[in-house]
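Before any questions on how it binds or moves, here is one chain, the form predicted on its own, in structure tokens.
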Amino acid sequence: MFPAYAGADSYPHISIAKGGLEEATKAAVSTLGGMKVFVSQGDKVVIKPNMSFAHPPERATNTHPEVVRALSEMCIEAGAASVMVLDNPLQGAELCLERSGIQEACRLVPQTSVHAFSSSRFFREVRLDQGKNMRQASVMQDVLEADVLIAAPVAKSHSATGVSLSMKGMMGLIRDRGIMHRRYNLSSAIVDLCTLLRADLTVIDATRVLSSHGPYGPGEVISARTIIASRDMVAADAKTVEMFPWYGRDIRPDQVAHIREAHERGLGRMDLENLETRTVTA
């Protein structure tokens, strides 16, 4: 029912690293075995951060640019042929690229490019064979052709789903995310989408946590200097939910509908008590 990796090696299911942005990002991945566990020589890699808003890093609505740059550098060092940082932004593409700081941060990383795609020519209609309700989606062509998908969301609250983490963030890789709100039960549709867009590695930027008024903000921003990583999107999301207050209160992973449903459908695990978590200081 659950991913085959669980308990299959000496690495923890979840790593938590605390410290500086670059150092914590690299330490979190290293604790899972290092980027070479996920990226092989010649791979095409897609990194999916939050880059939807024309906001600076301190608003905590986008992934911090230094986290994205650190991941890109690690992928190239592991032998990736190319790294594409992709998002379909909710605000003007050029402003998002500029004000998020992500494009500038990655400018000097070899074989790395940063794009905010929204035109239909960048997307292809595909079936979601394991979807229960949403059975098709228009997905970025470059994602479909990638060898490795890395989810790199910022940790933030969300007015419709409670939180927006790695699973919710996959909505930024399809053309019409609004249809998931209008036509389907949003939480179930997120799980349907993640049956296809299932990240090989999830690295959650909780250096700043938008604890209220997400996804747009402004809201309460908690300075946490923390990175959470896992091979399992559901486990990474569940751990992040457990670690921080949301809207001023603690909530359990099973109180987030899409996390609970993903666990029940075998997409990943939210039973954190049975998963090994290792915490390091970078």
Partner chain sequence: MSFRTIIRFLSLGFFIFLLWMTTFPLKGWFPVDFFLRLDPLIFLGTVISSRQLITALIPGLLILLLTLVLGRFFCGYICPMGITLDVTDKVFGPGKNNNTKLSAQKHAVMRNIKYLVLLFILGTCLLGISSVFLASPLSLVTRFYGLVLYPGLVFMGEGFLTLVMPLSSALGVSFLTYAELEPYRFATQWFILLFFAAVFALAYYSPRFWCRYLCPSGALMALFSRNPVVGRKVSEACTDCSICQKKCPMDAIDSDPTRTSHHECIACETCVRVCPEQAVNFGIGEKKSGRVTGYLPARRQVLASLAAGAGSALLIQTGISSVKSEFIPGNILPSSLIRPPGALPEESFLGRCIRCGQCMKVCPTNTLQPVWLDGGLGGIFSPKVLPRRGPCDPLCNACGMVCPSGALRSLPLAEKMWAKIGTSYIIPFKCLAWEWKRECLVCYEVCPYAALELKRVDGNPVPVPYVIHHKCSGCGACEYHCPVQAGSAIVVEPMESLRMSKGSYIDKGRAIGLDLEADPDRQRRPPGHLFDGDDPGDLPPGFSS
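Positions refer to the first chain, counted from 1. In this text, all values refer to a predicted model and were calculated from it rather than measured experimentally.
The protein also exists as the form predicted together with the partner chain; that form is not presented, and the subsequent description refers to it.
Remark: of stretches 156-164, 196-204, 130-138, 103-111, the one touching the partner chain in the predicted bound form is 156-164 (heavy atom within 4.5 Å). Taking the partner from elsewhere, residue 239 is found to have every heavy atom lying beyond 4.5 Å of the partner chain in the predicted bound form. Although the partner is absent here, residue 42 is not a contact residue: none of its heavy atoms lies within 4.5 angstroms of the partner chain in the predicted bound form. Looking at residue 59, you'd find a heavy atom of it within 4.5 angstroms of the partner chain in the predicted bound form. Within 4.5 Å of some heavy atom of the partner chain in the predicted bound form lies at least one heavy atom of residue 255. Contact with the partner chain in the predicted bound form holds for all three of 90, 142 and 181, each having a heavy atom within 4.5 Å. Scanning 33-56 for heavy atoms within 4.5 Å of the partner chain in the predicted bound form gives no residues at all.
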